[in-house]
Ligand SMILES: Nc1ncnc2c1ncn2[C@@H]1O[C@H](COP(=O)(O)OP(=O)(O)O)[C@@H](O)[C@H]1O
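A single chain comes next, written as structure tokens; it is the form predicted alone.
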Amino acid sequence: MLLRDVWKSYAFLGMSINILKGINMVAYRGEVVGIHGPSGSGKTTLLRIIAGLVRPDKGEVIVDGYNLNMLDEYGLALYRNNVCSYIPQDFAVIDTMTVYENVEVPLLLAGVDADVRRKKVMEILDYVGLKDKANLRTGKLSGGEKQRVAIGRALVTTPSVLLADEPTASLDWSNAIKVAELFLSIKKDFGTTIIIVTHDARLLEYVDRSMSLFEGVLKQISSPRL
């Protein structure tokens, strides 16, 4: 994954505020990268640009050979459903649906056959430790379990890149460690590139490389550990 000179600004009270300032970044296959920074530093905007949910004002984002600048909205939708999965901070699970139904959604959107869907969903639920809760409504789960549902839904299409926005923000430290260890397992078992943005510096102990994002400027803290 490559980001080259990425800029993004938003209008505020008649002014243009630069949220990201010339971001340059490389993430390698099967690497876990942690991006640390305070609230308002541009972390979520950066992830949403990589996910193809927001277009940069300037610069290039290239993931698995796809230059996101060259994709139309349909192409970006396919990219999000097959190449790059994004887990928002609020998990975005649907409480009125079952655990199984939440994880199945990306496969439904992709038009995957029902038998194949069931096999994949049950395999992923087993992987994230929720197989026994497949038919339970998600609203009945704890915060840590909801986060695992969100991870399962993101993983069910076997994406090349997994983006996690403050994945432990609403969890106690015990559950946060479980989530961090699950990301490490995903890296090992699937070879997925994982980008985690967080304000919790303790999570940086679980990444291969860490970066800081402050006032829209990205700096590397540690070198790749591959």
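Quick note: we count residues from 1 along the sequence shown, nothing fancier. Only a predicted model underlies this, so the values are computations on that prediction, with no experimental measurement involved.
Heads up, the form predicted together with the ligand isn't pictured, but that's what we're talking about next.
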In the predicted bound form, residue 39 touching the ligand (heavy atom, 4.5 Å) = yes
Partner proximity in the predicted bound form: residue 214 to the ligand, non-hydrogen atom cutoff 4.5 Å = no
Taking the shortest heavy atom distance, is residue 19 within 4.5 Å of the ligand in the predicted bound form?
-> yes
Should residue 193 be classed as touching the ligand in the predicted bound form when contacts are defined as heavy atoms within 4.5 Å?
-> no
Ok, 160, 170, 44, 157: which has a heavy atom sitting within 4.5 Å of the ligand in the predicted bound form?
-> 44
Stretch from 25-33, 170-178, 44-52, 66-74 whose residues place a heavy atom within 4.5 Å of the ligand in the predicted bound form = 44-52
